[in-house]
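There is one chain below, alone, in structure tokens, taken in the form predicted alone.
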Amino acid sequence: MNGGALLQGALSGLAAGGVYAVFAVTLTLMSRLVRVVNFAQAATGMFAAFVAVWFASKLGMPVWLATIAGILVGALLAAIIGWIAATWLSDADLSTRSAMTVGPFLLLMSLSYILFGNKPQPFAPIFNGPAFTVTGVVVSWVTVITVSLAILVAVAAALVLRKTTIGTKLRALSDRPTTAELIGISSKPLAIGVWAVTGAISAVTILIIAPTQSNDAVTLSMLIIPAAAAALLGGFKRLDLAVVGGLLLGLINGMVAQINELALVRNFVPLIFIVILLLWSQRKEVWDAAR
């Protein structure tokens, strides 16, 4: 195995890494602001993207218009799930609210099979072709766009939380929910808004990445696993580490794919990543117990 092949694998893995990073950022936002690890995050984007393809192929919509419609569907679906959580699980803890999202995850998977079948969908590429080369290795526009989108979402979220009135209210609801509501901050519309925005971002991400990989419902929905592993690097609290985790995971996956002896391990890389991070996060307790 030479260095050039590893570099090629690493750069090709960056496209997936950017996707992991985007979803990791949205998972972190959801965890911080509305106290939920949304297992239906990628499934929402998948279903919205399938609807966009259906609009374009069956109704004859222009691709750009079907794309916008799909993004709106993603936002609406997420807002409905958020409304349910804010209405009936407003006082539930993070574990209960997170467990609730398994229901929409399974529902959206089932609906996608019923409405669109079990075959990959004919996505029209929004971005296509090479962007530039690094030491002879081609970097595609999809890679550039997904990595840029991850960084953009993280930076925009940080600025909104620190510099805007809505961000101040969201932080107040996150840190002191009872106090915030006593001073007149209404949590329900803000929570639903967070769900809707992350749903729209999920739809955009799937619409960008789907034409370049296996785009069946299971593969796209299961993007939530490496995304959760990436978010775990930042403890579901830090946006910057969520981006780093996603890109790092993509790089590792890409390099492992170039090594024949490790090809079977490739699908287990996110799981190994999660186990290592959990062991590292518990090291102090383990060391204290050992002493």
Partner chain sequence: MKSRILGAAALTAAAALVLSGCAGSDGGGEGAPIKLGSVNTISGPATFPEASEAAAAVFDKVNADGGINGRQIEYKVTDDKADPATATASARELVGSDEVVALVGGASLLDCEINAKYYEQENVRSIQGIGVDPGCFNSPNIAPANIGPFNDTTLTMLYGSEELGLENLCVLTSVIGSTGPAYQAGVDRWSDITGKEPLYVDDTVPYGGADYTPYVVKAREAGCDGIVTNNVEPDAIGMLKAANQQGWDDVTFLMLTSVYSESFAQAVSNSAAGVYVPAEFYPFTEDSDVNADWKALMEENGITLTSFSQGGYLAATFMVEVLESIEGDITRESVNEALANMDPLDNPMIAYPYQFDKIAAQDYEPGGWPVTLKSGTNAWEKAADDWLMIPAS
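So that the term is clear: the rigid core is the largest set of C-alpha atoms that superpose within 1.5 Å between two forms. Here the structure is a predicted model, which is why all the values come from computation and not from measurement. Numbering follows the first chain given and starts at 1.
This protein has a second form, the form predicted in complex with its partner chain, left out of what is shown; the following refers to that one.
By the 4.5 Å heavy atom rule, the three marked residues V73, S98 and S186 all fail to count as contacting its partner chain in the predicted complex.
Residues of just one listed stretch (175-183, 80-88, 155-163, 207-215) have heavy atoms within 4.5 Å of its partner chain in the predicted complex: 207-215. Its partner chain is not shown here, and in the predicted complex it never comes within 4.5 Å of any heavy atom of S281. Of the heavy atoms in L241, none are within 4.5 Å of its partner chain in the predicted complex. In the predicted complex, its partner chain sits within 4.5 Å of a heavy atom belonging to P120. For S112, no non-hydrogen atom is located within 4.5 Å of its partner chain in the predicted complex, even though that partner is not displayed.
Contact annotation: of the candidates L223, L233, L29, A52, the single residue with a non-hydrogen atom within 4.5 angstroms of its partner chain in the predicted complex is L223. Contacts between stretch 217-254 and its partner chain, counted in the predicted complex as any heavy atom lying within 4.5 Å, involve T219, L223, G254, listed in sequence order. After superposing the rigid core, the C-alpha of L65 moves by less than 2 Å between this form and the one not shown. Core-superposed comparison between this form and the one not shown: the CA of L262 exceeds or equals a 2 Å shift.
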